[in-house]
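Only one chain is shown below, in structure tokens, and it's the form predicted on its own.
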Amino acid sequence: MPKTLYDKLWESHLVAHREDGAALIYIDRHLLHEVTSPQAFSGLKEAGLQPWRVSPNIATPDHNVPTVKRELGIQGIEDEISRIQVKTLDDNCRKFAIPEFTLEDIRQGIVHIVGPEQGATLPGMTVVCGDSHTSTHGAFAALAQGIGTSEVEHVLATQCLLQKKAKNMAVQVDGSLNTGVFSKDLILAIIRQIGTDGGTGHVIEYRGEAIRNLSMEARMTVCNMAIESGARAGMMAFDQTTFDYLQGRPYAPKKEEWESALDVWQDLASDDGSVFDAQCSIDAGDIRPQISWGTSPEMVVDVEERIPDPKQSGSSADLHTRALDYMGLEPGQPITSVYLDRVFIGSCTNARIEDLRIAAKVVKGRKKAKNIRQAMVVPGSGLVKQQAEEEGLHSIFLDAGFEWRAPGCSMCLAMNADKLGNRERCASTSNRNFEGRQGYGGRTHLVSPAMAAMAAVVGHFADVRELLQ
């Protein structure tokens, strides 16, 4: 019987299951950071337990770390709670002998960028982390899921996770993306079509010509936001692109083990004739640059469109009215008439080297618009920062009046010093535009790195295709 990729991964990791549907699956890779791990480690200590296995665990601080004064290490973290969380991670990793990329390590960065970058995320793995955007790692034909703090403790203690099997959903993306349209536009368009609850109860497999043509970094952007459509996880099949990205990375198999792994990885795709519980299709050629206008990732318009009228929103009218009020926008207003205060290029969605390259291409030879109070570029890891500097990208940003920061989650969420002020409006390459996500009263518009860079140099939203074409 033909099997989906999700079915194959589930069955190969199933330890036990009950008649009520509850199951225990084995976890291959556990990624840790400073926010959801302290209580989990405390639970281990109180129970007198050790991690079931040390080697599957890798840790790095990211949410609370500052993106300036990094040379001061932990002492550069001004907020006491944030400083305690990072120090606690350091202490716990030392106590339990868990590998950690500390603030002083050039490999430190956002956990969902560090894992793939190191080759710690591999095809066929089950991957968990106490962070909702763990779905990022599904781009490697892996089953990757975010978990809660109590589950972090459970995985540390047992190397297993208790859950029920999800349903299968296929998102078919045919055709090719046009110039000036990127993977961020693609995933925003998908969420716009299926809604933030369209994937609830499912694991989404992204398929089709447009997906196969994406780079690994672009694939990670798509899978990163699978969770924003309500899905438990997002994933893509293994192929030559996956192979090329992983070969030679520090944690990837070597020599004979690499050849043996390839024999297994080749089967990590849904079989012909596989049956999905839900499906949707989208033509990549129809997608234009996307901009979120509201307070949910499904509230999106094309760059050529106007802010929608809640009166045309049916049962969502009240929700849309509240979103417009919070965002300070008017129905029928062209999205290109929206001026910005700040621009943020970074986060686990869009802080990889390809993201920085395209943003630099847009910015090169231009200056930050006068109305933009701050434009920040935050690389996803120390290695991304190093590579960008070797390529001279940092000079392009600095010459344009942008700020070049040290790696971390930064302004993706209001958990560190990089925050929006009340009613400040930001073009952001992050993944969530919820009320207060980037700071109390902050107004977030989700866009691609190219569109964020374009907004930074013109001061308002504009069609980056006009520049890139």
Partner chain sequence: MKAFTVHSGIVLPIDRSHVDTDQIIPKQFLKSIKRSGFQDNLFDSWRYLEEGHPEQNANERRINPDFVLNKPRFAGASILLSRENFGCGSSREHAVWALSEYGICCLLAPSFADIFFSNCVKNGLLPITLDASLIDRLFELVHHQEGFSLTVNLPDQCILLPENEGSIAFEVDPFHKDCLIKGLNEIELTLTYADAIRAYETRQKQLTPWLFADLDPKS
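Residue numbers count along the first chain shown, from 1. Model, not experiment: these values are computed from the prediction.
Same protein, other form: the form predicted in complex with its partner chain, not shown, and the subject of what follows.
- Only one listed stretch (273-281, 315-323, 182-190, 342-350) carries heavy atoms within 4.5 Å of its partner chain in the predicted complex, and that stretch is 315-323.
- Using a 4.5 Å cutoff between non-hydrogen atoms, Arg232 counts as a contact of its partner chain in the predicted complex.
- Although the partner is absent here, His154 lies within 4.5 Å of its partner chain in the predicted complex, judged by heavy atoms.
- At least one heavy atom of Leu413 is located within 4.5 Å of its partner chain in the predicted complex.
- Heavy atoms of His460 never reach within 4.5 Å of its partner chain in the predicted complex, leaving it off the interface.
- Comment: its partner chain is not present in this chain, but in the predicted complex one of Ala375, Leu246, Ile227, Ile113 has a heavy atom within 4.5 Å of it, namely Ile227.
- Contact with its partner chain in the predicted complex, judged by any heavy atom within 4.5 Å, is made by just one of Asp90, Glu298, Glu354, Glu305: Glu298.
- Residues of 417-440 that come within 4.5 Å of its partner chain in the predicted complex, judged by any heavy atom, are Arg432, Phe434, Glu435, Gly436, Arg437, Gln438, Gly439, Tyr440 in sequence order.
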